[in-house]
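Given next, in structure tokens, is a single chain: the form predicted on its own.
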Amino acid sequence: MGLRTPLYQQHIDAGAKLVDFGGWDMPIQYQSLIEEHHAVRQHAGVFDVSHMTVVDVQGAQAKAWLQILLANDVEKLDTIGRALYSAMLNDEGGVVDDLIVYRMQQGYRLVVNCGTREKDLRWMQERSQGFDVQITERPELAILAVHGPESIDKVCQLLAPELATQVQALGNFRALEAGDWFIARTGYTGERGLELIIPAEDAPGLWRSLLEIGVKPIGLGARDTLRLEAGMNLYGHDMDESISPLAANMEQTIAWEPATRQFIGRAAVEQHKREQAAGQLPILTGLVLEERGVLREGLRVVCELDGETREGVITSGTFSPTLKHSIALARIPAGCRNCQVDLRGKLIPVRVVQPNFVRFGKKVFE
């Protein structure tokens, strides 16, 4: 038996198929993965993501410490409620984890992956030595993500009018604190939506209320197809401690200026940037297969570069319910264009596209 979120019984009641995910008993799907996927793209769905790790950071040197810990610069969080996507890097420039950091009324809030929880907490504690900073895990909090074109309106039906008005006015990557509720315009699907970080005891009631007004429960299976359509990385698949963020389509998570900010891993990723300029660093790109067949993680990608055969690998792949064909993220040598994927010993041509396939329910690549 694995760890259970505060919504475990609600998943059982909704007929979920449960699987082990990072040591947690989590719903992979309820009825139909395809129907759940379309519910988010066309209407609204709710995910239980309470397995994610919430960490609050406070103290006189919290900002200074985060400027060293994170590759992105929390100086960008110039107002309370702003959010930033970033990564913690190791000294070799590999990705310890990717995360969201929020500016709060008192300090900062980080949300990191569940599978890296122990490693992340240990890394933070080790790297906080000598700083006036308090690092507090918040296991008493649950997280519900509500996404889809109708999601914000649906959530606001359940809120007091004044709070609903504030939520409707939230911009993307903005959050607000309402007592012990934290409501953010962030997510992992490529759709409009909210993430609600709330006391665990409030989660079952909110879940039931959302389902009562027509929001569909969504499992991890559809969460994966949705995030892949949106071209969003999954830690441990598309990047890890051995992969530079520059080889994982994550350069936007690095703030190079000011040049005096010496974040952990800076020297290494500066070297990676030089290698990238010389075409020596692989890239994470998108692949499209419009004929029959499914692109899966681990499949070999065969490319041509300067008249030579080179190889890469699919890091994430699936059938896209929105596009009705297969898509993938793949790490291949820079400069490769003519690519084929080894499907059961047969090389099948694929198109190389920007690693972003669907946004707000619409195809975004050419």
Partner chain sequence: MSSFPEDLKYTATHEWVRVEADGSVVMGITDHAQELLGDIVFIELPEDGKEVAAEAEMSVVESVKAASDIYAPVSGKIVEVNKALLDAPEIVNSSPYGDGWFCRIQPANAAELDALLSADAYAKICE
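Residue numbers count along the first chain shown, from 1. Fair warning: this is a prediction, and the values are worked out from it, not measured in the lab.
Just so it is clear, the following notes concern the form predicted in complex with the partner chain, a form of the same protein that is not shown.
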property	result
Partner contact for Arg292 in the predicted bound form: the partner chain, 4.5 angstroms, heavy atom	yes
The partner chain contact at Arg82 in the predicted bound form, heavy atom, 4.5 Å	no
Close approach of Asn249 to the partner chain in the predicted bound form, 4.5 Å, heavy atom	no
Contact test in the predicted bound form: Ile34 vs the partner chain, heavy atoms, 4.5 Å	yes
Within 4.5 Å of the partner chain in the predicted bound form, all of Gln29, Arg296 and Arg344 (non-hydrogen atom)	yes
Residue stretch of 311-319, 42-50, 329-337, 60-68 approaching the partner chain in the predicted bound form, non-hydrogen atom distance within 4.5 Å	311-319
Partner-contacting position among Asn72, Thr225, Gln276, Thr116 - heavy atom within 4.5 Å of the partner chain in the predicted bound form	Thr225
